[in-house]
Ligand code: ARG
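Listed next as structure tokens is one chain, alone, in the form predicted alone.
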Amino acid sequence: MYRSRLGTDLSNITLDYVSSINDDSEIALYDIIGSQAHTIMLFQNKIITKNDAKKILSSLENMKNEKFDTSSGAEDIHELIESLVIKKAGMASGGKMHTARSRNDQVVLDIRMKIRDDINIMCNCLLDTIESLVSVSQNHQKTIMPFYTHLQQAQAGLFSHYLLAQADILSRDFQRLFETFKRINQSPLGAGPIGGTSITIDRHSTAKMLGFDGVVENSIDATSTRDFVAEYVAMVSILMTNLSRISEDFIIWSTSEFSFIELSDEFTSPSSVMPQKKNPDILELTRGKTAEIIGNLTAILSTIKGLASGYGRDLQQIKSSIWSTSKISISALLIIKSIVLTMKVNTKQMKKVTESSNLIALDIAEKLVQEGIPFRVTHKISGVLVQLAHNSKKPISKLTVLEIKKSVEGTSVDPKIVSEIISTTSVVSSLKDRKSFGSSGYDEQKRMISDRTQKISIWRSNMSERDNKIKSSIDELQKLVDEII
């Protein structure tokens, strides 16, 4: 259809090489809806007649439930849909559908509509996952566990605090995607191939019909830039990196050596030869799929970094990376949410491991600070206590008077004070004493859970408003289509 300038059609080998028809199934419906809005705008501005509009819109409407033949010889979904409209409506009417637009503004319109819907799905999935973390944290405000730095036990903490940390991390992913939506939800339609059109069209009208917040004003910018795609995939790459880290935590904690959690059977796989195995394959795939999405981002950036201003066919190659990114990340969120809600937490094992380590060392040092002793002195005393406990293979609480006296040698600190502090310090007292804002102390858990619950409610309201705005615009467009048909 588009090769009138050239003397011959594409050979089968060449057509297969240039065709994106198999990737375009993801945007077929958006192409139809976008074409309907464009057709109505042409009619409203007296560029085509009502009869032309009726024939075109009827043809497009019938295609919404149609399964397209990808072996039709069309280069892409845009050519295929237009050729079918011409076949159904006739050249006299159907041939007018593409008036005042180009494949260049058409394809980027479809991509923007697809991504904005994917963002809204992802944001809602994120809120579900965040809510699951906060919900489960309510049941574990007293569940003691060790916290780690360098994968070495560092401080005593609460499992609720860990879950809330992951909720906060994913909340930033939500906010990033929520903000990215605003830059994506701008219509490029009507920008033409690159420099606009001499035909008097109304770009703002089509933007409104399709639920966009505005238009990408500059026609070069509208058709040839894909920074919004890179931004979207970059935000998802960060999200997946965060999900990968959660996956790694759960993988480690589900080992026999840790036994902190047990994953539900539906999210594990057995070995092909070892019947005792319960492998965390689903979480491992999340780590692997994260690498795939980072690869998608690299592919997109590598494609657009070498292009001159103006559309280049190279841009066709990034579409599959977008679809893959959306599909993987949405599925990953659904899975992580389900894993969080179904896993069993071994509270006894968590507490046993916490109490078997000398995680009260810092608490002892801080209590000595409250006696007016410089922190560097208390840090040294506490360090010696840990070393003595380690050498004698017993906890700090079981150190003798002589051993405690050794810890204060070279200082003016009374060993009786140290002994008294040791006798009143435990993992539980440590968590009761933890008062700093945002800490893993008992008191802070309740406040943070309440705060996150309120935020989720506000974000859900914002998402509902955004979803309804787009749905309302598309519904109004459908009414216009029905009226003309």
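Quick caveat: nothing in here was measured; it's all calculated off a predicted structure. Heads up: residue numbers just count along the shown sequence, starting at 1.
Just so you know, the form predicted together with the named molecule exists too; it's not on screen, but the next bit is about it.
The single contact residue among Arg203, Arg101, His161, His78, judged by any heavy atom lying within 4.5 Å of the named molecule in the predicted bound form, is His78. Exactly one listed residue, out of Tyr311, Trp253, Phe181, Phe228, brings a non-hydrogen atom to within 4.5 Å of the named molecule in the predicted bound form: Tyr311. Within 4.5 Å of any heavy atom of the named molecule in the predicted bound form lies no heavy atom of Asn296. Contact annotation: Leu126 falls outside 4.5 Å of the named molecule in the predicted bound form, judged by heavy atom distances. Though the partner is left out of this view, Lys319 does reach within 4.5 Å of the named molecule in the predicted bound form, counting heavy atoms only. Taking the partner from elsewhere, Met113 is found to have every heavy atom lying beyond 4.5 Å of the named molecule in the predicted bound form.
Heavy atoms within 4.5 Å of the named molecule in the predicted bound form are found in exactly one of 296-304, 184-192, 104-112, 170-178, that being 104-112.
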